[in-house]
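What follows is a single chain, given as structure tokens, in the form predicted on its own.
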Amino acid sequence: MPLDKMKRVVFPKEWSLQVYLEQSKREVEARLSQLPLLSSRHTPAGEAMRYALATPGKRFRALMVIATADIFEKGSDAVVMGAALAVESIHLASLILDDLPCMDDASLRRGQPTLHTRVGEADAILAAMALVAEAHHQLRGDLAQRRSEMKKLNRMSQVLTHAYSLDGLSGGQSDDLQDRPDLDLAALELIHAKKTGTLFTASVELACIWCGARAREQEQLVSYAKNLGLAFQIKDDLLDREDSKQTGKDSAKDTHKTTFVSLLGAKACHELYSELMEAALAQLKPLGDGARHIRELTHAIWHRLN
């Protein structure tokens, strides 16, 4: 569907926040099911991409774009949905690559076989590349923008590109693959600020740019996202020790790495996780009632089980 026809449903304010999140997630899922738009050719890599897009997910990053835009009453903008789909496409590409035998060598993701175990490594890699291309297509869309809007879209494209660059998740993943038993907490935080946190930060930045957030508002939201991203990784490290039947992915895949759990211990990680989530929520307080959607999303992330 062309981006200029992507009009989101505007949910009544009296709807419960839980219903809002559920409906928004369904809408993101529906949009994802309509991708890819870049080619009508049916190739093995294209089918692999469609399989990846159809795999169930929580869509936290896409929902964060929308919920951030809702603060500024622009969550229903077509460009916001395009940005949400772009972030989710990059995230899916990163998961495909992360699961490869040369990286984490995972066989299970979201309760289903990982992509490379179904289609082979070559088509999995090509599907990931296609998802990155699709992300930029979704972000820029087919709209004939005014010059001021094109400036915003160019800035948004730069943010998205930075998110998966060597200064973002690609560099963080590369650092995470290194066997470095001497890592201290500061070094570990830096790795995961890039590997995990960068897409959360990009999610709020994309919405802030499009919605014309003031500098102070953007600072608060970026600080919020940084705390959330770090907390998210700590939770992932804790979940790595849980049964795969609960988490939907292979367990004990990080036992050979320095993780927050191996460095601090499980008890301290649980405490730090709560502290970071509380700090993230504190950054939303000055934004008032407009932040109710992103606040509810944060609580959903806080209490996730997988």
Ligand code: IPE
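Since this is a predicted model, take the numbers as computed values, not measurements. All residue numbers are counted from 1 along the displayed sequence.
Here the subject shifts to the form predicted together with the ligand, a form of this protein not shown in this document.
**Request:** Work out which of 227, 220, 201, 196 lies within 4.5 Å of the ligand in the predicted bound form, going by heavy atoms.
**Result:** That would be 196.
**Request:** Mind telling me which stretch in 276-284, 263-271, 55-63, 27-35 gets its heavy atoms within 4.5 Å of the ligand in the predicted bound form?
**Result:** Stretch with heavy atoms near the partner: 55-63.
**Asked** Wondering, does residue 232 line up within 4.5 Å of the ligand in the predicted bound form on heavy atoms?
**Response** Contact check for residue 232: yes, within 4.5 Å of the ligand in the predicted bound form.
**Message:** in the predicted bound form, does residue 116 come within 4.5 Å of the ligand, counting heavy atoms only?
**Reply:** Residue 116: no contact with the ligand in the predicted bound form.
**Request:** With heavy atoms only and a cut-off of 4.5 Å, decide whether residue 104 touches the ligand in the predicted bound form.
**Result:** Result yes; residue 104 sits at the interface with the ligand in the predicted bound form.
**Prompt:** Even though the ligand is not shown here, does residue 110 get within 4.5 Å of it in the predicted bound form, heavy atoms only?
**Reply:** Residue 110: yes, in contact with the ligand in the predicted bound form.
**Prompt:** With the partner absent here, would 91, 169 and 249 each sit within 4.5 Å of the ligand in the predicted bound form, counting heavy atoms only?
**Reply:** Answer is yes for this spot.
**Message:** Where, within 256-284, is there a heavy atom within 4.5 Å of the ligand in the predicted bound form? Residue list please.
**Reply:** Contacts from 256-284: none.
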